[in-house]
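The data below hold one chain only, encoded as structure tokens and taken in the form predicted alone.
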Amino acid sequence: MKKHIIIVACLAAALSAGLVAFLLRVNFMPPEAAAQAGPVDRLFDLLLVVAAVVFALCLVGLVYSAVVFRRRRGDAADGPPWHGHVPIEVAWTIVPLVIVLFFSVYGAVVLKDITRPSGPIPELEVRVTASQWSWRFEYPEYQVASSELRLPVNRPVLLRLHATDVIHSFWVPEFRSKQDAVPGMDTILRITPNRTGEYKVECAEMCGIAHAYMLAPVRVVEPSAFEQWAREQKR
């Protein structure tokens, strides 16, 4: 039995190494465009690594058992009875529990990190109104409103979201963070754009027949360009 365990462990380790190398090389996410994206991506990568190891161990154990311990031709006898194995039962209870508790704590730490106010720079407040099937963005500091979300790069942004009809969900994939907009209450989302460019707000909550078309442009620009845009909008 020790020989089989060693073989399975070696095969699982080799498959795990290959899977981890592949998964960490492939870029599953769009380019990061906010300070909050880094912690989220690191959590995602760690989840992939652990999932790859668990998958490799289960797959190798299953295939190895099916091949090595298969019934031979002409063998009609019953297999030896199995009355339980306390160490294995304890292991498959404790190990998943430890993994779940670890990711629960780590996920809570990441959530706290990406939702707390950032630094001494004053936040730009944007009031986001979600309706079937459009977005509206108001800037109280500048007394302007727009159907596109224009943000200055490297300045913390406080989004106050509410919905006028059903639940919607504000999501810019490059920012990673997502937050629901709920009728009758305000929710908040903090982001700090750190890369200029053009993106899109998507609704990530099924909200009706035109849900797929509930998009709005997002433009992250230099602070001077943002100030100029705000003045033009006010005029």
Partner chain sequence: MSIVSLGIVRGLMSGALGAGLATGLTMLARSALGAPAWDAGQVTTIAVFVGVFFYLGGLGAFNYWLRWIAGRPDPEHASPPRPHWARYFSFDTNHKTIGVQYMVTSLLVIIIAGILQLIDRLETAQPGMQFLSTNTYNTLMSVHGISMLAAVLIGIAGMMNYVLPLMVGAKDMAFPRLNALSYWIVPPAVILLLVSLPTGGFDTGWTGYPPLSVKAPLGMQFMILAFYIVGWSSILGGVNFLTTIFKMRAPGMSLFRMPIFVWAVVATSVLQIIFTQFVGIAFLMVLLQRLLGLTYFDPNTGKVLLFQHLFWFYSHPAVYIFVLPGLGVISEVLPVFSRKPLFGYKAVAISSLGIAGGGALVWGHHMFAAGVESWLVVPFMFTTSLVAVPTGVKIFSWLATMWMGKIWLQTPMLFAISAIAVFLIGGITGVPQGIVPVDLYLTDTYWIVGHFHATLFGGFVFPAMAAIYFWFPKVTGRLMGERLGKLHWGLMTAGFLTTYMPMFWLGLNGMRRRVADYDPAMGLGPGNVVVTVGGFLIALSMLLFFINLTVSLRRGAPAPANPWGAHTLEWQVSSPPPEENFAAPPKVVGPPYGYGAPTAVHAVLSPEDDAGRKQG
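Definition used throughout: the rigid core is the maximal C-alpha set that superposes within 1.5 Å between two forms. Numbering follows the first chain given and starts at 1. Quick caveat: nothing in here was measured; it's all calculated off a predicted structure.
Quick note: we don't show the form predicted together with the partner chain, though the next part is all about it.
Asker: The partner chain isn't shown here, but in the predicted bound form which of 158, 145, 121, 105 has a heavy atom within 4.5 Å of it?
Answerer: Exactly one residue meets the criterion: 105.
Asker: Heavy atoms within 4.5 Å of the partner chain in the predicted bound form: which of the stretches 121-129, 137-145, 150-158, 76-84 has them?
Answerer: Selected stretch: 76-84.
Asker: Please run the contact check for residue 71 against the partner chain in the predicted bound form: heavy atoms, 4.5 angstroms, yes or no?
Answerer: Yes, residue 71 lies within 4.5 Å of the partner chain in the predicted bound form.
Asker: Can you tell me if residue 17 lies within 4.5 angstroms of the partner chain in the predicted bound form, counting non-hydrogen atoms only?
Answerer: So residue 17 does not count as contacting the partner chain.
Asker: Hey, in the predicted bound form, does residue 49 get a heavy atom within 4.5 angstroms of the partner chain?
Answerer: Close contact is absent here: in the predicted bound form, residue 49 is far from the partner chain, nothing within 4.5 Å, heavy atoms only.
Asker: Is it the case that residue 65, even though its partner is missing from this view, gets within 4.5 Å of the partner chain in the predicted bound form, heavy atoms only?
Answerer: Although the partner chain is absent here, residue 65 would touch it in the predicted bound form, with heavy atoms inside 4.5 Å.
Asker: What residues of 181-195, in sequence order, lie within 4.5 Å of the partner chain in the predicted bound form by heavy atom?
Answerer: The stretch 181-195, when checked against the partner chain in the predicted bound form, contributes 182, 183, 184, 185, 187 at the 4.5 Å heavy-atom cut-off.
Asker: After a core superposition, would you say residue 89 shifts its C-alpha by at least 2 Å between this form and the one not shown?
Answerer: For residue 89, whose C-alpha is compared between this form and the one not shown after core superposition, the shift is 2 Å or more.
Asker: Superposing on the rigid core, does the Cα of residue 74 end up 2 Å or more away between this form and the one not shown?
Answerer: No; that C-alpha moves by less than 2 Å between this form and the one not shown.
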